[in-house]
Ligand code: HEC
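Here you get one chain, nothing else, as structure tokens; it is the form predicted alone.
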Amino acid sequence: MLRPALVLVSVAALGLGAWWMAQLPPEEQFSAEEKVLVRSLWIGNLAALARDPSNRVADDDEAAQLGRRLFFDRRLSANGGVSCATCHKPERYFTDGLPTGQGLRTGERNTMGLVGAARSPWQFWDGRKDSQWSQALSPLESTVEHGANRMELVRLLSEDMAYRTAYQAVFGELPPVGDPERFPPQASPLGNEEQRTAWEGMSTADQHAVNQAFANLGKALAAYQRKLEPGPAPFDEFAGAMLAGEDARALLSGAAQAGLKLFIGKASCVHCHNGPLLSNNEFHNTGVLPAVGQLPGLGRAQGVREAIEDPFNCLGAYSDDHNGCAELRYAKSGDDVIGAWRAPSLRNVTETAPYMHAGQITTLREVLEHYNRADLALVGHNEAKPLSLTRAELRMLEAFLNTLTGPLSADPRWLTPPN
């Protein structure tokens, strides 16, 4: 039995809920229903990564090796200074620590992390891409990010002998881009006026050949990114021990345990952040204000239209299998997704600030305060409702979020540039 003075000190330091959690015997800390929810979040409940039928080389190690080289290569940009790793830094859990990405110019969206991203059916904050390989293509031709064009990228694959050998081992022959009559030095349907004109002057068959090689470049990048999986965090050690019937109280602070109960209970965080990745990969409008100088975005309402129209989507000519594609076939649009953005994974959340789709919120505490208030949305329907948490409860919830960071479950060779 604690003396009254020590009780007062403990309560002041932890908050009443956290102190009370620390006093309960293990069997009384979480109810049977709460343990079901904890199990659903535990990384031990993470299923094997599903195959991607639209990318036949998704799990090919040679394709991943090629993708790794491409990922760190700055030649995949107009100025030779931007690589995929410029914004997706391995040492920052494949984010960049900036409010919005910085390639050739400053973008409008926060850089989403790549750890576990292969498990999402949608890519980007608005879900405008339905696979990792199609997502990988978009930044390459963006004038804000890499600023390259598909013709010069395919030419790089052909003229660099190491790339040519690796590409052909995985995908077969490249188009004969050494013929300038058929294949201009630079060409793309998304480029500047000169590049678009050059593209339009090519035959349909040659355009298709370049598009196929360009899509294959994206498929190699996706094969590499599928290697980037999350590893167990302190929460997972606690959850695994508790679910095994062990006394796990020493593995998390009383505040973090109380925060976990709030996460799965009163705070309703599991409504959007569920499953072992702590994300349902769906789209939600939670009243997040636009960044300074930006207009409110349409979010998913625009993203779903772009995904359906994308020539590199699951149903397009460059997909390796059209038999699935259920997510794209039944993608939902309408007023209820106006201003909605994808719920990010909370794995490693302490290391991936700033937060929200345009990096509008700097700290976890500010994120929690936003949801506690449930600000009105400027566009669309705001799903968030005021949580009415006390200051102590907010601290406990933050303490739990701090337990979600752990090392990656990836061979170290995938986290560094090739020699």
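Keep in mind the model is a prediction, meaning the values are calculated, not measured. Residue indices: 1-based, along the sequence shown.
The next section is about a form of this same protein that is not shown, the form predicted in complex with heme C (HEC).
A.B. asks: Could you tell me if residue 113 has a non-hydrogen atom within 4.5 Å of heme C (HEC) in the model of the complex?
C.D. replies: Residue 113: contacts heme C (HEC) in the model of the complex.
A.B. asks: Though only this chain appears here, would residue 268 touch heme C (HEC) in the model of the complex if you measure heavy atom gaps against 4.5 Å?
C.D. replies: Contact with heme C (HEC), yes.
A.B. asks: Answer for residue 307 alone: is it within 4.5 Å of heme C (HEC) in the model of the complex, judged on heavy atom distances?
C.D. replies: No, no contact at 4.5 Å.
A.B. asks: Spell out, yes or no, whether the shortest heavy atom distance between residue 148 and heme C (HEC) in the model of the complex is within 4.5 Å.
C.D. replies: Residue-level check for residue 148: no, no contact with heme C (HEC).
A.B. asks: Quick one: in the model of the complex, does every one of 64, 162 and 325 get a heavy atom within 4.5 Å of heme C (HEC)?
C.D. replies: Checked in the model of the complex: no contact with heme C (HEC) for any of the three.
A.B. asks: Have a look at 248-256, 176-184, 295-303, 334-342 and name the one stretch with heavy atoms inside 4.5 Å of heme C (HEC) in the model of the complex.
C.D. replies: That would be 334-342.
A.B. asks: Sort through 272, 166, 291, 241 and report the residue having a heavy atom within 4.5 Å of heme C (HEC) in the model of the complex.
C.D. replies: By the 4.5 Å criterion, the partner-contacting residue is 272.
A.B. asks: Using heavy atoms only and a 4.5 Å cut-off, determine which of 277, 82, 213, 314 is in contact with heme C (HEC) in the model of the complex.
C.D. replies: Looking at the other structure, the residue within range turns out to be 82.
A.B. asks: Going through 200-215, which residues have a heavy atom within 4.5 Å of heme C (HEC) in the model of the complex? Please give them in sequence order.
C.D. replies: Sequence-ordered list is empty.
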